[in-house]
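Take a look at this single chain in structure tokens; it is the form predicted on its own.
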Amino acid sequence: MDPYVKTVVSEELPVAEELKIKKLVVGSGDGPRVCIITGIHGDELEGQYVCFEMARRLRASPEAVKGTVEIWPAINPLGVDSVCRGIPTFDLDMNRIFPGSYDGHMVERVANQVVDDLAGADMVVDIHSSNVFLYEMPQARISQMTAQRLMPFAKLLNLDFIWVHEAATVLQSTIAHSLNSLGTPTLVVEMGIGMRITQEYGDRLVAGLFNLLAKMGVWGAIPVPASVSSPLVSTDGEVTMINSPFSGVVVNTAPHSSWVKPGAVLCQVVSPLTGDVLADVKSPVEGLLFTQRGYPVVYEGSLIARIFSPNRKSN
């Protein structure tokens, strides 16, 4: 079957406009079904490049797809079009309303239709960027209750880091939690920074996705990545959050994704008005600097870094 574009959701909007959520379908329909989704937050654009590369390569060799691959570039098309994190005019974070409701408000109906269509897939990969404030190394985020099932797949994705975290209440309204609760395995990937595309990260994830497809028996063409990264794995309690002690402007000194020692200066918080260095922010632990402040203006208490320390449990 030739690749085709299918409209999954169509809802009328004011002023003769229409909300449409579309997916590219590649494959025969026989065998495993893998869905690659992104664009739930309209200001997270790293997944747009990944979808482009996946669609381009899959369409070039559709005969190599032994099952079905679906590419969903914009779950929140209004947000992507307007570079708005939530759903414009509704002031809603779409990733806080899943699984939605068939009888609910328009946005709840949309969320419900998306979940219904994705349910039953053999794997869903939900790609996110960070927001505009933080820069993230390529990582998978998995809740503790799904870790045993999802960990083997996460290790195939050519990522640097896997963060296993507790299932906080707010996460229960995400698309990943909703699909996992329905028995549809769903991985969350986070990388880069909001409103930007980090091509190096995208290329790495594309290689990892083809590795995943090959291991699942969905992709039968050459080349398949000869090797992928072996990620570090964090369980809850091994991540140290570092917040700004003052309001000001952050000047980073430690390279992103670097290994830091206790006492290493991660950044300075400075005052543009007086020229003073308000604080040398130092690492309290040894570990991997996997989250770093990207947007330089901070207020007291703003998150400026996360550090993963293997074999260390935080208090």
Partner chain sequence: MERIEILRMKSPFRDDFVIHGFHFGGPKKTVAIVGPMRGDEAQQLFVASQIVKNLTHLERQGRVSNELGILVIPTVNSFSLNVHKRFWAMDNTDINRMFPGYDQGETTQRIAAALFEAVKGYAWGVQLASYYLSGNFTPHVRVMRTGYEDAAAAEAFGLPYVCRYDPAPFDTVVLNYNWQIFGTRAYSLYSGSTDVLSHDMAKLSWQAVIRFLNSIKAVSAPLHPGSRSLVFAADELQTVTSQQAGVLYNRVAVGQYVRKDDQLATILDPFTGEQLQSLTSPADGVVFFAHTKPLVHQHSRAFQILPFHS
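Note that the coordinates shown come from a computational prediction; the quantities given were computed from them, not determined experimentally. Residue numbers count along the first chain shown, from 1.
Omitted from view is the form predicted in complex with the partner chain, to which the following refers.
Partner contacts here mean any heavy atom within 4.5 Å of the partner chain in the predicted bound form, and among 284-292, 27-35, 61-69, 248-256 they occur only in 248-256. Across the proposed site, His105, Ser173 and Leu303 without exception bring a heavy atom within 4.5 Å of the partner chain in the predicted bound form.
For the chain shown alone, Asn243 is a contact residue for the partner chain in the predicted bound form, at least one non-hydrogen atom being within 4.5 angstroms. Although the partner is absent here, Asp91 is a contact residue: one of its heavy atoms lies within 4.5 angstroms of the partner chain in the predicted bound form. Interface residue remark: Gly263 is not counted as part of the site for the partner chain in the predicted bound form, having no heavy atom within 4.5 Å. Heavy atoms of Phe133 reach within 4.5 Å of the partner chain in the predicted bound form, making it an interface residue.
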